[in-house]
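Just one chain follows, in the form predicted on its own, and it is written as C-alpha cells.
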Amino acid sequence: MIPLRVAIDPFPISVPLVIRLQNDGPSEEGTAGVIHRGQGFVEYDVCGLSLTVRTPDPDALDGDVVLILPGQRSLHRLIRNGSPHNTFLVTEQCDQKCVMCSQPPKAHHVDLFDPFYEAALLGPYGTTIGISGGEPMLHKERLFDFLLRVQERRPDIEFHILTNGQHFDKNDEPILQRLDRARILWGIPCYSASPETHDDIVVKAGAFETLERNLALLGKNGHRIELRTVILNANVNGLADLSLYVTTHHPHISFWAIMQLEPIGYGRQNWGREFFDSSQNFDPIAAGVDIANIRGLETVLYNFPLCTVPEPYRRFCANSISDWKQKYLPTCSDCSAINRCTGFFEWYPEERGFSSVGAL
C-alpha cells in the first residue's frame, strides 16, 4: 500500500506548513529542495531550516505537495505528483451513519481549508482534487469560499466533491451559479428508489426526500452529478427500479456509478450481512445496467474485479480503486487483464469475499 503519511523528525512550526518537495533546484517560496541524502532519510531546506524525512525512497516524494502540522512527527502527502488519486479530507463529521461507510464519522472537526487552499495552488497543472469527509457540506460556507478562491487563482484545477446531498438549499443558488460548473463534479449517493430503503441504509429519516429535492436543485443550476450506488444485500434486488427512477426523474444526472462494497469502517463491520457476491449472481446488477444503458444514462461499475463480472458487462468496469489502497491477489499475476482491472482493496478479505476469482 502506498503510504500517505511519512515520518519526519520534530520540526519547529506553530502553524500548519504546506510545501512542495523537489529533488532538484534551489528552494523557493512554496518549495523545499533536497540538501542531503542519507541511509533511509532525506533532508530538505525549508526557509533555512532542515526538514528530515524518514523514507527509503525520496524519489517517490519528488514533486509532492505535503502538509506538516505543528507537533506531529509525520507529513501528509496531499497531492502526490503524477497520481490521479488525490483527496482532501476536509472534515470527519457527518450527519449520516451509512451502514457501509468507509470513513465513520467523528464528533470533532479541524478546519484545514486554508492549508488545502495553499496546497491546491502548488498542485500540478490540470490536476483533479477530490473533496471528501465525513460530510464536506456541513461546512459549506468554508467549502464554497475555498472553491471560489481556487477557481480565481487556478482555473485549471478540477474538483470531485463527495457529499450526501443533504445540505443544499435555494439560498445557495447564487454561489452555485458563480462556481465553474465545467470543473466540478458532485458525487452524490442514492441507494434505492424506495425512500424507506435509502433512509434505512443511511440511517437518517427523511434523507431520500431531501436528496430528491437537492438533486433537482443542482440540475436546475447546471451542475454535473455522479450518482453513486453501493451494492448491498439490502438494495441489490431493487437496482432495476432505481435505474428506472433515476432515468425518469433525474435525466440531468451525468453518469451513474454502481459500486462494490469497500471492506473497511462500517463496511467491514457489516460485511457479513451486506456484501453481495456479484461473482455468484450478477443478474440484478445487469438488470439495472441494461435499463440505464437503454435509456441513455452512462453507467460505470466501480470496485468490481473484472473476473467477477460476466464478459458482456466488463466494458462498464473502471479501474477505480485509489492506487494507495489497491492490491492484486497472487492469482492475478497471470491475468492478461491486470493492467485494466481495478483489483482489490488492500483490506479485502479473501476468505469472505468473492467466491469466484481467477486470471482471465
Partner chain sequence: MKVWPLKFREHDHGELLFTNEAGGFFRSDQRFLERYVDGILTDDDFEFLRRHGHAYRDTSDAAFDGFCGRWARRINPVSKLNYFILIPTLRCNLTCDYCQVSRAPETASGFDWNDEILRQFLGSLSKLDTETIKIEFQGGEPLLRLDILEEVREFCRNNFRQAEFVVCTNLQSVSEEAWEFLGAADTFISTSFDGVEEVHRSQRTKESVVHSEFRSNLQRAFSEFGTAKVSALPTLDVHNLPDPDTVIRSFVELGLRSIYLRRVNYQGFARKRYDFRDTQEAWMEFYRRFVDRLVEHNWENDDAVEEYYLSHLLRRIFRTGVQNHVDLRNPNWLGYDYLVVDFDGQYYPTDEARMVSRIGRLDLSIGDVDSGIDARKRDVLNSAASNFEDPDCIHCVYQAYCGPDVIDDLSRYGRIDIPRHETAHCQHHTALFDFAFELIYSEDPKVQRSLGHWLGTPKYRTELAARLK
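Numbering follows the first chain given and starts at 1. Quick caveat: nothing in here was measured; it's all calculated off a predicted structure.
The following text describes the form predicted together with its partner chain, which does not appear among the structures shown.
For this session: Name the stretch: of 292 to 300, 327 to 335, 48 to 56, 31 to 39, exactly one has residues whose heavy atoms fall within 4.5 Å of its partner chain in the predicted complex.
Result: Looking at the other structure, the answer is 292 to 300.
Exercise. Using 4.5 Å between non-hydrogen atoms, is Asn281 touching its partner chain in the predicted complex?
Worked result: Flag for Asn281 set to no.
For this session: Would you please decide whether Thr247 lies within 4.5 angstroms of its partner chain in the predicted complex, comparing each non-hydrogen atom pair?
Result: Yes, Thr247 lies within 4.5 Å of its partner chain in the predicted complex.
For this session: Answer yes if any heavy atom of Pro251 is within 4.5 Å of a heavy atom of its partner chain in the predicted complex; otherwise answer no.
Result: Because a heavy atom of Pro251 falls inside 4.5 Å of its partner chain in the predicted complex, the answer is yes.
Exercise. So in the predicted complex, does any heavy atom of Asp241 sit within 4.5 Å of its partner chain?
Worked result: Yes - in the predicted complex, heavy atoms of Asp241 and its partner chain come within 4.5 Å of each other.
Exercise. Just one of Leu148, Ala216, Ala205, Ala182 has a heavy atom within 4.5 Å of its partner chain in the predicted complex. Which one?
Worked result: So the residue touching its partner chain in the predicted complex, by this definition, is Ala216.
Problem set entry | Proximity to its partner chain in the predicted complex, single hit among Ile264, Ala257, Leu122, Ala286 (heavy atom within 4.5 Å) | Going through each option in turn, the one that passes is Ala286.
For this session: Pull the contact list for 193 to 227: residues with a heavy atom within 4.5 Å of its partner chain in the predicted complex, in sequence order.
Result: The stretch touches the partner through Glu212, Ala216, Lys220.
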